[in-house]
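Okay, so here's just one chain, in structure tokens, the form predicted on its own.
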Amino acid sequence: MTTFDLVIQNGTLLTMDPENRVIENGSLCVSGDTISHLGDHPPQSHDALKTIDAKGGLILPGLINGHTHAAMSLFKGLADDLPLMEWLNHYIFPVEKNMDADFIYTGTQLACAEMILSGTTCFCDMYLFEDQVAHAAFQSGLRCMVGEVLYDFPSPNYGDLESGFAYTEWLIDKWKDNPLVSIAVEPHALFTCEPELLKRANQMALSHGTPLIIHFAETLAELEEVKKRYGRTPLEHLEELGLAGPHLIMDHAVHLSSSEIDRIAEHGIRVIHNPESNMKLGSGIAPVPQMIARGVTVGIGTDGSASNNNLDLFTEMDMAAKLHKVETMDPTVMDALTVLKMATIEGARALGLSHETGSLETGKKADIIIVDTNKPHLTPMYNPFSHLVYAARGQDVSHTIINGRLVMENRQLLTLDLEEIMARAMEKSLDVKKWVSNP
């Protein structure tokens, strides 16, 4: 008799595998951290240490937040309705210079709670004190890719740039064998990083076999600044410096010409789309349908809560689908399956993690969520993919399993003390108010 650590049954499996198989009244079995069986019934002779009844709901891969700044959960609502550069220079950067490791740890714990509660099982982070981000994510049970932001001016974490590179090397070495945490090299943006910084970051990423992640072509002001400094477009600048390649992940990529999209595809560069943040900051609409049509791998992210106000990937998917329909005046653009893939298997592919997560397949890590569809706004259900993109919300997730570990059961967090985290977050908000009034 086979004994499984976990069996999930009585639900519709949305595998997000290469065939996009849908298995009604399906079962999924987990051994250790790995999916060991899935189908329309479990093996005939088996036992389970724990069985979860999905109660007719949807069983699917956990969602992947391809770009965020987790600790910015402590900034949500701080400085809304402002242009990006004013928002950064007059509010975010002045506050950030006062932050410490405990501030980041608390903000990340708050973000991890929100992400687990809304069905995110993996996130990619770019921020400060990233060792604390990794610790908070690991302790909560979340899978993550993190990288310390590198830029030309001194950091409140590592100080001078040389120390920033040393810190990144240390992160890579410290977390290299961790089952949940991976490290990327993350220069902030072309307008905050001199060419030598970018070339050195690129070499570090290549030598360690890690992704290189950068904010890219987010605003028209950025394009103008890069053109003014270097006489090149942002993509030409990357190409000239030797950064363009399959190891590069671009966050945003809003302002691109048709020929640039072709070159991004040729280089094998991956992109993370952040529609709500781009809308809120008035940055523009990324040409995502065109990128996908030309073979660019595109995932989806929320960006930080300061420029989005939540980390719910269900609302992000809904917004992504509708934004591009109205922008193109074509209701067939960005159909529900395409958008759900961006938040699952394509998101995993964008981060270089598709061998581990992003779909329900035997041999992959057990990153799984269950969506409770026994609710008025989800009844009746004709198409599960469109329901997830256009009708479901994060609070409809009943269970979250990451790396085979149950981290939320029946809407109850099992790895985090939510009341304590929220109380500490409120204490930190008093510091934020003080820093804003005395920048």
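None of the values given here were measured: they were computed from a predicted structure. From 1 onward, residues are counted along the sequence shown.
This protein has a second form, the form predicted together with another copy of the chain, left out of what is shown; the following refers to that one.
- Taking the partner from elsewhere, N278 is found to have a heavy atom lying within 4.5 Å of another copy of the chain in the model of the complex.
- A residue is said to contact a partner when one of its heavy atoms sits within 4.5 Å of a partner heavy atom; S386 meets this definition for another copy of the chain in the model of the complex.
- Remark: S429 counts among the residues lining another copy of the chain in the model of the complex, judged by a heavy atom distance of 4.5 Å or less.
- When contacts are judged by a 4.5 Å heavy atom cut-off, S259 does not count as touching another copy of the chain in the model of the complex.
- This chain is displayed without another copy of the chain, yet in the model of the complex the stretch 332 to 340 from 142 to 150, 168 to 176, 194 to 202, 332 to 340 comes within 4.5 Å of it by heavy atoms.
- Here is the short version: of L117, L248, I92, V181, the single residue with a heavy atom within 4.5 Å of another copy of the chain in the model of the complex is L117.
- Proximity to another copy of the chain in the model of the complex, defined as a heavy atom within 4.5 Å, singles out one entry of L74, A136, L360, L190, which is L74.
- The three residues M319, E419 and K433 all sit with a heavy atom within 4.5 Å of another copy of the chain in the model of the complex.
- Contacts between stretch 49 to 69 and another copy of the chain, counted in the model of the complex as any heavy atom lying within 4.5 Å, involve no residue at all.
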